[in-house]
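Laid out below as structure tokens are two forms of one and the same protein chain, each shown alone and named structure 1 and structure 2.
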Structure 1
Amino acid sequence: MTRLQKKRLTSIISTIFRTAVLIGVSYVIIQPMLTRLSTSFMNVEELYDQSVKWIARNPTLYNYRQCWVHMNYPQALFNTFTLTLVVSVLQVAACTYIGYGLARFKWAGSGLLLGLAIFSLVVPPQMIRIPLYLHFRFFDLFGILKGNPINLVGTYWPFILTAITGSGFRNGLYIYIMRQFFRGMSKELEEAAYVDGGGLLTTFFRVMLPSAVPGLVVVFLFSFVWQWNDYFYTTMFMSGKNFLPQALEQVASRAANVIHATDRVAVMSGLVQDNFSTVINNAGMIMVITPLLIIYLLMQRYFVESIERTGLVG
């Protein structure tokens, strides 16, 4: 066998190996979702049928109809989308100017501030739950309203205030991403703008910010997905409101409470109850993540390009 043939054989084996690894990893990632998707179209009886594995014998939209009604899906979708969009936009704005400041300006304590921002990622939110709740339950604006505090619980203000101050959910990661992105940009861009008479804000908004679109896209999508799926903070600040994570948690019990004795799943006890919850919850999960999949499909090209340009793949 010649050297060229050996090289081609090695290349073929390497390609086959990489393909097999990618298929295996993809299956591990996608298989749970495919299982939930197939189960969401089944009825309870088919979960007992050992001959039914992936494709339902009699596909039904019954589970989706139950979720649509008992999740109050249109209202929950609107509430979740509104809150997520507002928070994501504010977090992008706040983390962008914070990251720019940490990347381009040096002062005593800037390194410590960046370290604290990154350290916030490893602090369990349960540790600050009580003080955070009390802070917004008796909000006194740094003591100015001490005699007459305002109750911000039950409003969007806790999310807005934490977002615009760069202290919201996962903001340490977003600050780090934008800081690394601005550090990688050429300083000659700023210097040229300063020479042309541009001030600090003019340089930032007209020169640096347009060049930071890839970083903005990454931060926005990360923020959108995590806020969309947030259960902890939404439950703490918006208890009793109808958002998708909270609606999904209660949909199975709500649906079971209205099942009549003449229904095909009338016996709501034991294993039947568990299987009924399974098919309803799976349908609900598909309805919760479908908007995210649509957004990803629409922005996939921009997201991949942005990930590559920010250097997160390395």
Structure 2
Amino acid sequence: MTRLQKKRLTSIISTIFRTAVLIGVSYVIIQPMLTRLSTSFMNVEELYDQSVKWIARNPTLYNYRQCWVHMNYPQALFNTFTLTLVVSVLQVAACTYIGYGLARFKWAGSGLLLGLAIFSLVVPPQMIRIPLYLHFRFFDLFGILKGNPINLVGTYWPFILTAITGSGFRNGLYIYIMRQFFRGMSKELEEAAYVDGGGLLTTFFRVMLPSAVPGLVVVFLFSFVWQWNDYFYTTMFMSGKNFLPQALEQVASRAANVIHATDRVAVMSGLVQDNFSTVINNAGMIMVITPLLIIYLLMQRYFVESIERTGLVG
């Protein structure tokens, strides 16, 4: 075998291997999703009909219509989108800023602060839920407001305040990611900027920030997705308001209640009720995830481009 032939053979084998692995892994990821999608078009009877496996015999949009009405979908979508966008933009900005400070300045506090950022991640949010709620319910900056605490629950403020100070949900992780990114960057560019007379902030915004775009996009994606799916903080600070995760949690029981109230014959047995919530929930889940998937598709394109551009620059 010549060297050229050998090289071609290796490349063919590695292509086959790669394709096989990717198809296998993709199947594992997509299969539950497809099940969900196919279930969302079924009616309750078909769900436990053994002969109906993937495609509903009489595909119906009934479940989607139920979700549209009982989630108050347009309103929930708007609320979730606005909150998510505000929170994720602020979180990315704050965490990049803080991450840079932790990566590039060596002083007694830098190691300690990084430790604290990780420490804040390790504490499950369930643990500080009640004190945090009370904190915002009777917001009073260590007595500055002198016994006239403001109620911030039900407003955007708890989200905004925690986001701009890098202390929202999993922000320790974002700080850490950005810190690792900045640490991996070469120092020469930055030193050149200082020599040319750039101040701290100019150097950060004009020299370091543009090279950190891959990190920014990753952090933005995480922040957006986790805020979108979050029910923990939105339930805590925004209870009673209509956001997608809360709407999804309640949609099946709301729909069932309406049916109970209007149609006496349809009073459901336990099993039917379970199946009913399954088909409704699956449709609802698709409706919650779809906007996220669309945004993800758009971001993905930008993501691939942006990381490759910076990759070339090095």
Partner chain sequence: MAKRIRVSLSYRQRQIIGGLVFTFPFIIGFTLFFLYPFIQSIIFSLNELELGASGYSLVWQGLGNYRYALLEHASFNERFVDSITDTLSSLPMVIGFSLFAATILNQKFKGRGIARMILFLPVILGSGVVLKMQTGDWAYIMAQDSANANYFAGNALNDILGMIRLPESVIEYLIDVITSSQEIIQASGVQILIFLAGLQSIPGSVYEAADVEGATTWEKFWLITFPSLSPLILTNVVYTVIDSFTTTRNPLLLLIEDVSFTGAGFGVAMAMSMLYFLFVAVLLIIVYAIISRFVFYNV
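Each form is matched to the other, and the largest set of C-alpha atoms that superpose within 1.5 Å is called the rigid core. Keep in mind that this is a model prediction, so the values were computed, not measured. By convention here, residues take numbers in order along the sequence of structure 1, the first being 1.
Between the two displayed forms of this chain, it is structure 1 that matches the form predicted alone. The residue from Pro32, Leu113, Tyr156, Gly198 that marks the hinge of the rigid-body rotation between structure 1 and structure 2 is Pro32, the others lying more than 12 positions from any hinge. Two rigid parts make up the chain, and between structure 1 and structure 2 the smaller of them rotates against the larger by 15 degrees on C-alpha superposition. Once the rigid core is matched between structure 1 and structure 2, the CA atom of Val25 is found 3.1 Å away.
The shift recorded for the CA atom of Ile16 between structure 1 and structure 2 is 5.5 Å, with superposition on the rigid core.
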